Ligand SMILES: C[S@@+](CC[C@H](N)C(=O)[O-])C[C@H]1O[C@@H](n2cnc3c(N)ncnc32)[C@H](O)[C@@H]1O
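First, one chain by itself in structure tokens, the form predicted on its own.
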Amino acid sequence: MAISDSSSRILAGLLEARTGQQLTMSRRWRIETALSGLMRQRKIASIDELITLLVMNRDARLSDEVIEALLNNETYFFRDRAPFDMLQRELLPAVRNARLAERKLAIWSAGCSTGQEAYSIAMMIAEDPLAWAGWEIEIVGTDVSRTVTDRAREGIFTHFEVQRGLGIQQTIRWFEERGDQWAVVDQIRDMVRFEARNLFDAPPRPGQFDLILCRNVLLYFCNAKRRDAFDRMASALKPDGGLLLGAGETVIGQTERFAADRSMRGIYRLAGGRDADRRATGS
């Protein structure tokens, strides 16, 4: 299935207009693979035919399905384990100490895909019941794709998906076997809610999050969109909240809203927030 430069540009423009994500030249190799299933289902013979249908705009659902197919929804439980180890050892205990009076914890998993990141956080908290006894826990997962947030909300995963990142004991403890699939237990599901939401929309709870995870999402945005995303996330954090990005992402040269936390590698704080003020004064 040959893909012309003009067809690639049209698909890239559609994706960026609807989601903010760029389909750069280095990512255009995956167009054929991403769209092949949809084209078979729709009985569309070629990319040229698909482009014609999109340009004619007689089927709004088709453009939605193309966007869904082009999005990269790669994820797995406890992805890149090191950030979760840091959350468990350093960041969550620090947040807990700061919130002892109110005993409320709010976490936003932005670009959550099918929910493994949000559920991983919930499992981590549930595995330390004494530390979080009596706390009100809210974990919100958002993604631009309604298809993946619907799947995340369902909380049912294949054997392959469960094997990616989870040990046997975690699987047995936090999942129920249903035929050849595994369903997240209610204790974990009740801690998490999912919404289909664009990162450039108003955040789900402005100014109320203690922690935001936005990992391997900003890589796909142009500089202007990346700045917009940082602005949205800054408006969602409490003054002493923290932002965790992917290993290949940074705020340096991208935004003035955040600054690196000097004591926790990979964590970013609001520039001028209470935590930044404490670091500046050495208190």
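Sequential numbering from 1, following the sequence displayed. Keep in mind it's a predicted model, so treat the numbers as computed, not measured.
What comes next is about the form predicted in complex with the ligand, which is not displayed.
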Given that the ligand is left out here, which of 127, 102, 74, 176 has a heavy atom within 4.5 Å of it in the predicted bound form?
-> 74
Counting non-hydrogen atoms within 4.5 angstroms of the ligand in the predicted bound form, say which of 211, 92, 144, 191 makes the cut.
-> 144
Spot the stretch among 213-221, 253-261, 232-240, 40-48 with residues whose non-hydrogen atoms come within 4.5 Å of the ligand in the predicted bound form.
-> 213-221
Even though the ligand is not shown here, does it sit in the predicted bound form so that 79, 113 and 197 each have a heavy atom within 4.5 Å?
-> yes
Within 117-132, the residues that have a heavy atom no more than 4.5 Å from the ligand in the predicted bound form = 117
